[in-house]
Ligand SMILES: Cc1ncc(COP(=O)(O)O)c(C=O)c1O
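Okay, so here's just one chain, in structure tokens, the form predicted alone.
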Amino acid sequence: MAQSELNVQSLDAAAVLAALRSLRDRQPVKFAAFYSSQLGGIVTDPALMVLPFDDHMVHRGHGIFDTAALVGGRIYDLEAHLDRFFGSAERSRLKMPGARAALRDIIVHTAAVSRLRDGAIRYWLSSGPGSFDLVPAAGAEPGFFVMVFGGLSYPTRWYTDGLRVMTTTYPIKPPLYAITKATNYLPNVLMQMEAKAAGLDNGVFIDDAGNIGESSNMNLAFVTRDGVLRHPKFEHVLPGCTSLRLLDLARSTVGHGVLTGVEVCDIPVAEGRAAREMLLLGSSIKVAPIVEWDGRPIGDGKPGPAARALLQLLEQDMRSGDRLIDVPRL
């Protein structure tokens, strides 16, 4: 039998830190600031932005998260995101480590420490470390984490030329898990991997009744031939904060632009395919047009006026609307 030449070192703390710094140096994403209730404060060295391996969020997916945009030194729509965060925590039977106001202050302060004026703020809640059991360890303290980073970016062609998507072969999440922003995103990951393998940009979930659901980590919406903006019901898809805000903003434009109405309803696949425009909505992508679904064009196969108008409407609200929280300069 051949002898293995395995050479596994036992590392001291200095070697571990050096290895973590080397790992971060090889990764393209740069993280600006990280708060950890487990560490008891904020770090700006990405090598120190770590969680215990036995945290229940790591090995069982028992955790939730949410994301808010940082725009021009202000946080956009944070209260709506916190509403969803607390709802996800309740459904996941996770305890909050503090009052809502205290968590909000931590998010704002971590953003200030980061010194970023534009980017994204992602925050998590876990049930804590202590064992590898299915249920949280006895006496485990919930973990609250905040990461401030440059945000996700998407190809310019998604906005200029539009996206191409496919109906995924993976099943949509059951309603309880769909409306809870948990860290277990396996169906979403598999959908996106499937689309990329097919040379496409994203996928579309369809529910058991044949109605359109959502995309990988974004909501879907449609503009009918007569100009009605239609969004799937939120009972079986994530209640996207961007979608909810955009629907409100869009209602104020009905009759004064490209839209004639706004509806939240079941959307059968056939009706979606017959739409004039198909849209992806989300806090990072904002509004992007879909021009092809399963190899067939949507509308005339080009980005439409509603996508452009809604993107402009949202970006204006993100910079000068009434849902902004100032981040102090430190």
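Start at 1 and count along the sequence shown; that's the residue number. Note that this is a predicted model, so its numbers are computed, not measured.
Below: the form predicted in complex with the named molecule, not depicted.
> Work out which of P232, G240, G162, G128 lies within 4.5 Å of the named molecule in the predicted bound form, going by heavy atoms.
Checked against the cut-off, the match is G240.
> Counting only non-hydrogen atoms and a 4.5 Å threshold, tell me whether T167, N202 and K302 all contact the named molecule in the predicted bound form.
Heavy-atom distance to the named molecule in the predicted bound form: none of the three under 4.5 Å.
> Among 131-139, 79-87, 255-263, 105-113, which stretch has residues whose heavy atoms lie within 4.5 Å of the named molecule in the predicted bound form?
Among the listed stretches, the partner-contacting one is 79-87.
> If we define contact as a non-hydrogen atom of the residue within 4.5 angstroms of the partner, is I121 a contact of the named molecule in the predicted bound form?
Taking the distances in the predicted bound form, the answer for I121 is no, it never comes within 4.5 Å of the named molecule.
> Is A250 part of the interface with the named molecule in the predicted bound form - any heavy atom within 4.5 Å?
Heavy-atom contact with the named molecule at 4.5 Å: absent for A250.
> Examine N217 and determine whether its closest non-hydrogen atom to the named molecule in the predicted bound form is within 4.5 angstroms.
Yes, N217 lies within 4.5 Å of the named molecule in the predicted bound form.
> Even though the partner isn't displayed, in the predicted bound form is P46 close enough to the named molecule, meaning a heavy atom within 4.5 Å?
No, no contact at 4.5 Å.
> Scan 177-214 and note down the residues that get a heavy atom within 4.5 Å of the named molecule in the predicted bound form; none is a fine answer too.
Contacts from 177-214: K181, Y185, N188, E214.
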